[in-house]
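Okay, here we've got a single chain as structure tokens, the form predicted alone, with questions on binding and movement later.
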């Protein structure tokens, strides 16, 4: 599928399907003399008569279409129209339109075109009416198209042919350099999102620690002018004293891999660390996940943080921003059970010398992150952001479509929120309530790896904070909810979502 900008407009475009986006016509209901403006602009009214034989107004009237956000109506066109089918997309209130509005509308149009066996599709969006930045708007539209069209069928025995596959999408009314750059940027970012989606969706017998290391190697090989890779083996990790990470990995037959992938441009003024949790399968250890609702069958997603980290690395390697050096780090292993498994009550020593009483072997992700944080903390970074499918508690708190984050820096927190808002990915800042750390006090070690059930995601963040010393700004993202979905929604299909690759990329570009 190819996406193009085009100087054409609806009046002179010829093809299978045309999607026209329009705003709602809500008015101030306190003014009883006020009547709603027509949904169709004067230009569209003229086009309706010229091209569509009144079909647009019929769709609005017969369906009582109000053009609210995420709504649409469509029809086949009869007669001699140069366009076979038309779709009206609702954008909602024009004063509330965001880049996410464009993404969702474009995704709906692309899905409609596929379902209606259109090979060609035109998109007519009202950019000029709200003076929308073309680069931002076109990038969002292209992201919606690309991500909604991605279907992961790698593990299906039968690949069903789609009678008429969507081949070409034209975004009408713009052919500027900014618009073309927006499409190119979307393609680079979406390649990273799709990598993360496919890593998360693949089962644990395919995505092993070695497989994740090979994914990192592929990025380093493909973009060798700006990317370099160091993979620490078990002996290397032992030499660095990574007792917390190795304690988690010791019951697996598969050796651990510590990934350190570095993006280094020609000029460097800032340095950022991105650390992703990379537990490729989490059995829970001797505190085994068992019984209905334990979710053990979905523990392939426990490397969702590392997947997003690698997705962001792939995107950044293509965009190649100047001025910022980025270290992508993941301590990758399985949490399994055999005669060598760590026991509840064991004491592990992390690479910064701090001792941890393991009171729950199923709180393993924070143990792997501990040594990754210590490693990153020694690199002279301006900030570290770690992300992990860390706790079920965050899902209880915020649900499955929003992630929580913690930070010791208001400046970094503001940058994360801005990056997430531009990506359309939801984050909510959570408190670093220091008094809760008392719940992790240990009689025999420096602290335990879990506290009480109350505030579980907060105590997890406080645990991680113990392993950041020199770096001035740190944030922890708990993305346990949004990295997977069973239902198609907007531009996200069922399976791995690729969350939050786009937030990470925005953060890096604007750090």
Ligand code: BES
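Keep in mind that this is a model prediction, so the values were computed, not measured. Positions refer to the first chain, counted from 1.
Form predicted together with the ligand: not shown, discussed below.
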Inset, instruction - Identify which of 316, 390, 246, 199 has a heavy atom within 4.5 Å of the ligand in the model of the complex; exactly one of them does. - result: 390
Inset, instruction - Note which of 426, 85, 289, 415 lies within 4.5 Å of the ligand in the model of the complex, where distance is taken over heavy atoms; exactly one does. - result: 289
Inset, instruction - Please run the contact check for residue 301 against the ligand in the model of the complex: heavy atoms, 4.5 angstroms, yes or no? - result: yes
Legend entry - Interface membership of residue 363, the ligand in the model of the complex, 4.5 Å heavy atom rule: yes
Inset, instruction - Give a yes/no on whether residue 143 approaches the ligand to within 4.5 Å in the model of the complex, heavy atoms considered. - result: no
Legend entry - in the model of the complex, residue 334 touching the ligand (heavy atom, 4.5 Å): no
Legend entry - Heavy atom contact within 4.5 Å of the ligand in the model of the complex, the stretch among 259 to 267, 277 to 285, 108 to 116, 215 to 223: 277 to 285
Legend entry - Site check 383, 421 and 475: each within 4.5 Å of the ligand in the model of the complex by heavy atom: no
